[in-house]
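First, one chain by itself in structure tokens, the form predicted alone.
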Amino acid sequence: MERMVNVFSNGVFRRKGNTILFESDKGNRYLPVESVREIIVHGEVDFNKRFLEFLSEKEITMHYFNHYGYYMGTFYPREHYNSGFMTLKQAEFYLDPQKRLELAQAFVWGAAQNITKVLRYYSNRGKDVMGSLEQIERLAALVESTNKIPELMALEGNMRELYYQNFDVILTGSGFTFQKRSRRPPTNQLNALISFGNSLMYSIVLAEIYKTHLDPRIGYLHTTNDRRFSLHLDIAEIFKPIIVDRLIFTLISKRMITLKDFGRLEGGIVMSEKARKIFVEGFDERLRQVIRQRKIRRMVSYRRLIRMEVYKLEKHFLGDEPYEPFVAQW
């Protein structure tokens, strides 16, 4: 089974026959290439061109986070499934204002539905989130009538801000507070967790897009511009509430990560290596968790659901089936 490999140690990556070798002070670690889906590097590592050629040959993406948990970039191997026809279809849907708007609306609507699922889950467990839940539902009802992308982005931002304010309610008594969304640097511990989790989510969605015919450079809610990739940001919006945010609530409620697992650096808050290791283990476990997918009537992992979301977009571009975002059923 292919898996996500996280590397926190400093060391050197090498190709050793048909195996990835990681050399560090802790010893040699051999990674059979058939079992590696993507590599996420958190430590300081060195490698040579031959190693990158090996990753490209085996279609393995590699993502870099710096020592403090900030996403730095991705080695995205040469496209193996590129399709000129599909790229043209993607561009057609981007260049047609109405077609682009409909897709952007679908991403925002899907994200809003999953946000309300999370809030309703905690409302059923006695958390006082109904006020915000109803406000978000009223805003979500406006998605279909919003006819400009910037207005749609603003609407999505308002819904997410309301949603984040309820983190304090859900996490009452934990010591973690949200206050306001802050990035680069996060100004408190909860924002540091959200930023780290979202960056992992973007990396995984990008890796799943790589396994399909779609071009990650063409997004619809997030404008295609000088940014290298944007489609993964669109798709990640749908999955962040049900994968990243719920993982954060679990890790804090079980005291697997506490306020002691953070430090202060250059005006911001950073996670300790221990906290980042716990988070990535939980994240990987969440991706492998299987749920029943009602439409196809079988159990699938969250990782597979992300890939299926990309396939749904392919069908949409080809005119086979209108795109409908994934909405959790719990």
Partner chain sequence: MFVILVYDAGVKRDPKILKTCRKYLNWIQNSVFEGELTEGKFKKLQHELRDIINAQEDYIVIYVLSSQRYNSRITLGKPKVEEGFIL
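Predicted model only: the values in this text are computed from it and were never measured. Positions refer to the first chain, counted from 1.
Unshown form predicted in complex with the partner chain; subsequent notes refer to it.
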Check each of R50, K26, K274, R294 and return the one that places a heavy atom within 4.5 angstroms of the partner chain in the predicted complex. K26
Looking in the predicted complex, is the partner chain within 4.5 angstroms of a heavy atom from every one of A104, Q113 and R138? no
So in the predicted complex, does V327 come within 4.5 Å of the partner chain, heavy atom to heavy atom? no
Quick one: does F8 come within 4.5 Å of the partner chain in the predicted complex, counting heavy atoms only? yes
Any of the heavy atoms of E34 lying within 4.5 Å of the partner chain in the predicted complex? yes
State yes or no: in the predicted complex, is some non-hydrogen atom of V280 no more than 4.5 angstroms from a non-hydrogen atom of the partner chain? yes
